[in-house]
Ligand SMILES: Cc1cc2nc3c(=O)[nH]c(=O)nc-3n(C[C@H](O)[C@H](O)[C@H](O)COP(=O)(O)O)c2cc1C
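Only one chain comes next, encoded as structure tokens, the form predicted alone.
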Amino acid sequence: MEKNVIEEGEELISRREALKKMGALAATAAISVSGVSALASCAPAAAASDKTLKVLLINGSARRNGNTFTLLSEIAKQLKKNSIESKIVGVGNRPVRGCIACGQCHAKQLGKCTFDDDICNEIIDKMAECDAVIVGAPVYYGQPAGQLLAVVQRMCYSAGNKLQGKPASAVAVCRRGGATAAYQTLLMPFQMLNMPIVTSQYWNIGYGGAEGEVSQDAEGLQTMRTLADNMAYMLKQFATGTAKFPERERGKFTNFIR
């Protein structure tokens, strides 16, 4: 049987049962907010400081170099200034499955989605190697792009143990409205996994319609840099307990009335 095919009669696990198990994991993860095991979090700070810290940036836009990518790139550049590595992974424009509640990921203890024919499991593997995650998406009808939601839901449900306790954040980009609702939606799965939410000087929102237009949003770009500074501060503080609070830029304010 192919690994992405579910045959009739296979044992299924209910979502309620799986969520109970995830709740138990969440309680355990509360001991270690850095996403590291409880034993590792008790290691000396000097040893923890030797670790290269990495952030996974997930681009939920079908446009490879669109406005979402522009905002994530601004975050990546600022993380680099803080000596934090990052990698941008795009969901792309190929079909992405939604969760069908088959329960195979938990019944077989796969640690990933049973369907292996899209980018979801590739992102799960990359997430396992990183210390934090930031997801970004364009706003469609007041909601995040559906392909990103499909990936995040399957990732959190099938591989929540790889996300537990790791700092997380989200970025939304829109032409005009709906960004705050989309931003809140993107954060909700992480809150169920005991993932500390990294904030900024404002909600993590950028404004732009045409490709690259968000680069004119001076306040939005500054918000991304502040987010990156806060993420770096949190990761370093978790790792060593000696991080210096980031210095702030002078505020930029953009009201889009020209």
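Residue positions are given as counts along the sequence shown, with the first one as 1. Since the structure is predicted, the reported quantities are computational estimates derived from the model, not experimental observations.
Same protein, other form: the form predicted together with the ligand, not shown, and the subject of what follows.
At least one heavy atom of G66 is located within 4.5 Å of the ligand in the predicted complex.
Contact annotation for P138: at least one heavy atom lies within 4.5 Å of the ligand in the predicted complex. Taking the partner from elsewhere, S61 is found to have a heavy atom lying within 4.5 Å of the ligand in the predicted complex. Under a 4.5 angstroms non-hydrogen atom cutoff, the ligand in the predicted complex has G177 among its neighbouring residues.
Contact with the ligand in the predicted complex, judged by any heavy atom within 4.5 Å, is made by just one of G92, G146, G142, G111: G142. In short, of 152 to 160, 123 to 131, 168 to 176, 75 to 83 it is 168 to 176 that has heavy atoms within 4.5 Å of the ligand in the predicted complex.
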